[in-house]
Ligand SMILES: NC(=O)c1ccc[n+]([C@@H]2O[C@H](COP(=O)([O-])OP(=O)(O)OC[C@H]3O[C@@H](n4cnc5c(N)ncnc54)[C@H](OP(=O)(O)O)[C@@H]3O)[C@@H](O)[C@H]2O)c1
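So this first bit is one chain, no partners, the form predicted on its own, shown in structure tokens.
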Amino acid sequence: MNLNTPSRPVLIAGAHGFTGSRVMQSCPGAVPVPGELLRSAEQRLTDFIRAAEPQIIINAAAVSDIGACERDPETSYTANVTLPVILAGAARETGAKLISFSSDQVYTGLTESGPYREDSLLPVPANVYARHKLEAEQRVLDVNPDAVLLRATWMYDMPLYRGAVLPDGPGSAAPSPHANRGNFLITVLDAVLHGRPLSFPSRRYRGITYVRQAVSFLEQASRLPGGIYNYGSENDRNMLETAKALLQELKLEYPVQDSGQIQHNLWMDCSRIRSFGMDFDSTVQGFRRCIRDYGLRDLSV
């Protein structure tokens, strides 16, 4: 992926996080926005963006831990609402295209089974993180109608480490802990490798996306008309079936129990993004791509 032009760089907000670190690997020459500016007053951040004169701003910065957002809604609001609104204004002022990651969590207030479309009438979401993400979408578009908001699914990858050989080439700097946060693939592998119980709900549906495919489509996303897009792999299997499918693709035999949790769906219809040529793998196809990229086919435990 190459989003840069010789004179106008791509800026990455949240460059040391889970998604942003993969964007940095895949986009040579991208410029990370310093973390202290992301936490600073608006003027310093806006001045930095004016000086950089970016072609594209990719906002992958967030506080995405749902529990942390519940405990500290003020910090959540700053990261998940205030920051993207500031970036939207700076992008409009400098003529940059803003791509900002939202979340499938905005659908938490819906009771229908899904899959959900971008034009679904959304009630108040069920948690602070989701409420802030939904507010950010509208406020960003109010400030900058040309901005692209990507409602991303739960994403996964293998961990990053210094010198790693990765699908996009050799690694370099040691990642921050945020780059290796827990995800679906790691949860399953960790349980198998350490003999821990593994359970997922049979009454929950959600797409799960290989982050490297999500990153690979960002160049195309930069050409989208402004608006909101469901972004990631579709999945018509419940979470229990999905975990079993991953184990099958890994050629691992391991028991998975039904956690018995209540009905709760974050199942998205991604046909809109597909109509613009971004045809994601299904969730299970994504497992196969990741397994092939990392040579995980013949694990032994």
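Values in this document were obtained by computation on a predicted structure and should not be read as measured data. The first residue of the sequence shown is number 1, and the count goes up from there.
In what follows, reference is made to the form predicted together with the named molecule, a form of this protein that is not presented.
Proximity to the named molecule in the predicted bound form, taken as a non-hydrogen atom within 4.5 angstroms, holds for one residue of Ala90, Leu83, Val188, Ala130, which is Leu83. At the 4.5 Å threshold, heavy atoms of Asn230 stay clear of the named molecule in the predicted bound form, well away from it. The named molecule is not shown here, and in the predicted bound form it never comes within 4.5 Å of any heavy atom of Ser26. His16 belongs to the set of residues with a heavy atom inside 4.5 Å of the named molecule in the predicted bound form. When contacts are judged by a 4.5 Å heavy atom cut-off, Ala62 counts as touching the named molecule in the predicted bound form. None of 101 to 109, 114 to 122, 139 to 147, 216 to 224 except one has non-hydrogen atoms within 4.5 angstroms of the named molecule in the predicted bound form; the exception is 101 to 109.
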